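So this one's two forms of a single chain, laid out as structure tokens and tagged structure 1 and structure 2.
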Structure 1
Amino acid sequence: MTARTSIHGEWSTRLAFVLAATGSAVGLGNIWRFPYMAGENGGGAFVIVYLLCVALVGLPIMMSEILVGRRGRRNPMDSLRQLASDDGRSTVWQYAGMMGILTGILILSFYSVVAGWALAYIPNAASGIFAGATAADTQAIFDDLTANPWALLFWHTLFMGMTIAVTVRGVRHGLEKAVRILMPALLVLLLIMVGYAMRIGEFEQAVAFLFRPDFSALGPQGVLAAMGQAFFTLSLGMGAIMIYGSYLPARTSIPRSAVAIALMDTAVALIAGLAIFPVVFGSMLEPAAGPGLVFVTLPLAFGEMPYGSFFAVLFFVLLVFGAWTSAISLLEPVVTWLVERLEFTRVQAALLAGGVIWLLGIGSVLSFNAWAEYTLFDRTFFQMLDDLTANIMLPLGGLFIALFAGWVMTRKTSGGELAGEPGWFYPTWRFVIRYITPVAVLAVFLNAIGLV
């Protein structure tokens, strides 16, 4: 194993790393995106394909990102440059790391705006505004929020401030302390929501919907959507897992840590489905409601149910916690780059990077109101950033990491980080990361750009 150390410190325990990386992976992708994608693609069949994609695409890339991060012990750009140089390969691979950092910046700029919606819905829910509301009422509440640029700017600013406040405190005192509180709290809130759903909603119908496969409802696009969701939800291709891997103690097992992260992340996604769909079915609403499922359909359901206002508040607090842990991981790669390359202090780096991301986020704020009519290829600024990152930059980032780990790093280098695992593991991982994972990621990418 490498003797390099990170100037930012290390996680105190393997559990701290697993919680932090799971916090990076668990976010709006699990609690918001996964349920509505399952709803749009037939439920159980989508879940099965999603789990296969996690095993064959998500896990190998996650192990690769952790491996590269721990071996390099630097920000994603410099880790790739150093490891390529160590093995006598071209240092042009550093630009794959730079793309990961840039991807995180772009994602956080609009992710913060969406997380701001969840923040705004906490006082809305507490006020009882959803009680007795009609579908038109909940749609109007959401439309009024997004049409008000000053309200969106306030919540976007508050969420970015929360994210910066954790990041400035460093690995042990900021990131680790935050996830040790937020992740258990998130899981407790989720389980409370599931208990509420079991009592109030159509729980058996939700279980059947999520776990009884109906492959006739899953077409080729649904399969590719499941693959893309597996990639998106594990927080891959944006430098977050790589930078968290750079803080991983040398003797910690990478495969066991990655499996634990993937299991916890998938469990949160499935539990979120069990919390959401019983409420949706209990109110006889449409599970395939798309992105509006959380901000329009669920408030309608909460408004019709006993203690709905209280549990609506819990749900949106849960959504904010999930988004917060992910946002912290998106800010960390660019902060480490500024500290290591330009010798900023951590406070200066977090404030500068957070400020730039906040400023970029104003474009997403305005794309829902003042700039709504200004489009390119019929896409607003917010939609263009979403499409660019989700459909192009994330798959490309994952593809580059798979190619780097499988084809650029030598057996000695990659094998050194996986020493101590069972004898069959390394050749199996190396085969999958070289031949299976790149093909799968390429399929997602070609589908996203319309060539498949």
Structure 2
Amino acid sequence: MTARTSIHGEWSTRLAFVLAATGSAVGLGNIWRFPYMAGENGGGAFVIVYLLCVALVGLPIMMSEILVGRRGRRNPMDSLRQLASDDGRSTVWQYAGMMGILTGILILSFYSVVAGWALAYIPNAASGIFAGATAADTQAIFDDLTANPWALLFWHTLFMGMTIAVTVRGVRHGLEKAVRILMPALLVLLLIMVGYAMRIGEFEQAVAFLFRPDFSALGPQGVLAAMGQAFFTLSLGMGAIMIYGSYLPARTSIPRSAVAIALMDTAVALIAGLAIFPVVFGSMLEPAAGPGLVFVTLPLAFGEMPYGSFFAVLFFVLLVFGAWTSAISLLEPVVTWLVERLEFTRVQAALLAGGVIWLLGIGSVLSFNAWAEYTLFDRTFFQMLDDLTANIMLPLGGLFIALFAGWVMTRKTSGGELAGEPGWFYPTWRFVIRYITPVAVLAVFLNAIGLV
């Protein structure tokens, strides 16, 4: 019973898994979403809550997802169903997996549009238009792009095509190599940007903004946004890490892998913040500028740097790679579900799921131009999806996974997957996942809807 195998194969080593999962975690969430969310929610206090959520909510849930995935060896829905029935529990838990699959579809639909912006910026950067640009110029470049639905559609289509192409071949091919080289390259480039931002921007002001907490600036909605960001950036609550866990060889340490992934991911986000905010303050830009923040600020820095066009091209290429390795993990749960449950071939499954997601993405494309006026609760279609998935669906999915791993799985089954760890580990993890994590998620939810 314990020796189930995945029909999609296994990672060759623990490192391969850590690289792939880091590839999933590190992406637009770190470089595009983190700075813009921190900027909109006042900085320091948001960052603290986000870091707390990574440690107390994200890490234990990440371990749970890997554990469930490895033991179930199937798509998220079937892994949950299988493990529930193994332990004689109700199989309704599988619907948490179903919701995760749906969440992945919704996220990828707008994620691909933003990744399309990064793609569009590659030829932009190469043409040298950032050289000597002012803040008004870079803002105009961004506005011109997003005002043009055909351009957005073109880049969104290209990015979805790239994502489908990798998924068709199976995620294990190529992902490992790509992540091993490109992730360190992205990190080094971001550090160069930080160095440059220190020289040309208002570095101290940026550090104060990011790390000096002002809790009066962070309302209940800001706390919810910080928790949502933690889920989004760690790829948790929808089955991406679970599906990668299902390809993990038995006997590799789950907690060590999870800690490594979370550390890398958090480092990239903070470094991205330190590269962007000095430029924001140095150029008198608005931290709360919204989703365009990175696309308006970093080009300013590139515009003044020696070899700026070269670095800009490199940066957007690496950003696209980061987004690509994340997008692949967003598509994988629904594809494995179609293959395992409905017996599609991988090619059919990737084309069908990718096609539906592409279609849905058109809504996000239009929400920056033709549909910009159509809002619900003051939010465009794109903002609705971004909010709904990150702030509600991912934390809810994470809550279900925590409850599942802590309360539904027996000691024998969850303990079996964590057997190789030092003696203190299992009881600590189990306590956190049963009490701390679910209570924290619930408290943030209740607080946000005004109940506590």
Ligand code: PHE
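Being a predicted model, the structure only gives us computed values, none of them experimental. Please note that residue numbering is based on structure 1, beginning with 1 at the start of its sequence. If you superpose the two forms and keep the largest set of C-alpha atoms that fall within 1.5 Å, you have the rigid core.
Undergrad: Name the structure that is the form predicted on its own; the other one isn't.
TA: Of the two forms shown, it is structure 1 that corresponds to the form predicted on its own, while structure 2 does not.
Undergrad: After superposing the rigid core, is the C-alpha displacement of residue 406 2 Å or more between the two structures?
TA: After core superposition, the displacement of the residue 406 C-alpha between the two structures stays below 2 Å, so no.
Undergrad: Core-aligned, is the CA shift for residue 43 between the two structures 2 angstroms or more?
TA: Yes, the C-alpha moves 2 Å or more.
Undergrad: Aligning on the rigid core, do we see the C-alpha of residue 185 shift 2 angstroms or more between the two structures?
TA: For residue 185, whose C-alpha is compared between the two structures after core superposition, the shift is 2 Å or more.
Undergrad: Provide the displacement, in Å, of the CA of residue 212 between the two structures, taking the core as the superposition reference.
TA: Here residue 212 registers a C-alpha shift of 8.4 Å.
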